[in-house]
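Next up: just one chain, as C-alpha cells, the form predicted on its own.
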C-alpha cells in the first residue's frame, strides 16, 4: 500500500510539473527523462528480469523513429501514427532476430544484438531513396509548446512501467526470472525458454520502438547516426538500468533521472557555472576547463557507473535498504 501511495504521489508531481515550471529548458529535460524511463524499463525487462543482456536498443529505437518519419515523408500521414505503428515495426525487427539468435547465450547473444544495430544503421544509410540516407528525415513539429509532448511522454512512461510491472508479477514474469537464474533448470521443469525469451524481447522491442516514434515527433529530425547510435541509445539504456537497479520496477526511473542529469550537467558545464566564473574572473584556465567539461559527459557516465558498481552493485533501488540503513546510522551517530 505504501509503495502505491509513493507511486501516485510521484505521478501527481510529474503531472503538475509543466504547469508549475514554465521554463522550456527544464521541460525539455523532463521529456528526455520520461523517454528514457520507457527505454530503460524495456531494457530492464529483457536484461534485468530475463537475463539476456542486449545492446540492441538502438535497433528498436531507430526502427520506431523511422516508422514515424517514413509515414510522414512517403505517405503524408501524421508522424503521430508512428506511436501506434512504431512499436510493432520494432517487434517485427526484433522477433526474427530473436528466433535466430536466442540459440546463443551470454556474450555471444550480446554481440549479436550489437551487430543488429550496425546492420540497420548501414541499411538506413545506404537506402538513400527510401530513408534519406545521411541527410535524414525532417518533419514539421505539430506543437510549438513543449507541454503536449511532455504529457504524451508522461503517458507512455506510466503505461510502459505499469505494463511491465503487470507482466513481471504474472506467470510470464516468474518464467523470465527462472530463465535468468538457470536456463537449463527452467527447461528441465518444462518451461519453453525460447518462447518466453521471445515474449520478453517482443515487449521490450515494442516499448523501445514507441519511444523512438516519440523522439521523431518531438525532435522533428532523425538520421542513422542519431537513432541507431550505439553509445547514445544502447549504452545509455544499459547505464540507466545499471545505475537505477537491474531487475527492479522503479530502477529505470531513478537511473533515467540520474543519467539525464549527469549528461546535462557536463554538457552545460555545470549549468553554465564554469563559463560564468571564467567570464567573471577573466581566467583563461577556467575557460579551457569549461570547454573540456562540456565534451566529457562520457567521463561523467563512467565515473558514476564505477561508483555505483563499487558501492551499490544492485543499483540505487536494488540497494535502497542498504542506503536507508546507512543514512539512519549516520543520523544516529550525529
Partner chain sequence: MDVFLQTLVAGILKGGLYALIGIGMTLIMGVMGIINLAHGQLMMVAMYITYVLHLAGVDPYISLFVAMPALFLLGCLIQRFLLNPLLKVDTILPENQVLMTVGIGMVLTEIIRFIFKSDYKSVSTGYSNATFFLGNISFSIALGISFIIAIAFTVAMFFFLIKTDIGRSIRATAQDKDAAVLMGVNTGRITIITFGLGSGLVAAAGCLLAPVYYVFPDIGGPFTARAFIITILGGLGSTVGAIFGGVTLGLAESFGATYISMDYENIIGMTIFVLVLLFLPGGFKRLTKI
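These figures come from a predicted structure and were not determined experimentally. Numbering follows the first chain given and starts at 1.
Quick note: we don't show the form predicted together with the partner chain, though the next part is all about it.
- Across the proposed site, 100, 246 and 313 without exception bring a heavy atom within 4.5 Å of the partner chain in the predicted complex.
- The shortest heavy atom separation between residue 45 and the partner chain in the predicted complex exceeds 4.5 Å.
- The closest non-hydrogen atom of residue 111 lies within 4.5 Å of the partner chain in the predicted complex.
- When contacts are judged by a 4.5 Å heavy atom cut-off, residue 190 does not count as touching the partner chain in the predicted complex.
- Contact check for residue 30: no non-hydrogen atom falls within 4.5 Å of the partner chain in the predicted complex.
- Note on the interface: of 87-95, 233-241, 69-77, 163-171, the segment with non-hydrogen atoms within 4.5 angstroms of the partner chain in the predicted complex is 233-241.
- Only one of 198, 147, 115, 185 comes within 4.5 Å of the partner chain in the predicted complex through a heavy atom, and that residue is 115.
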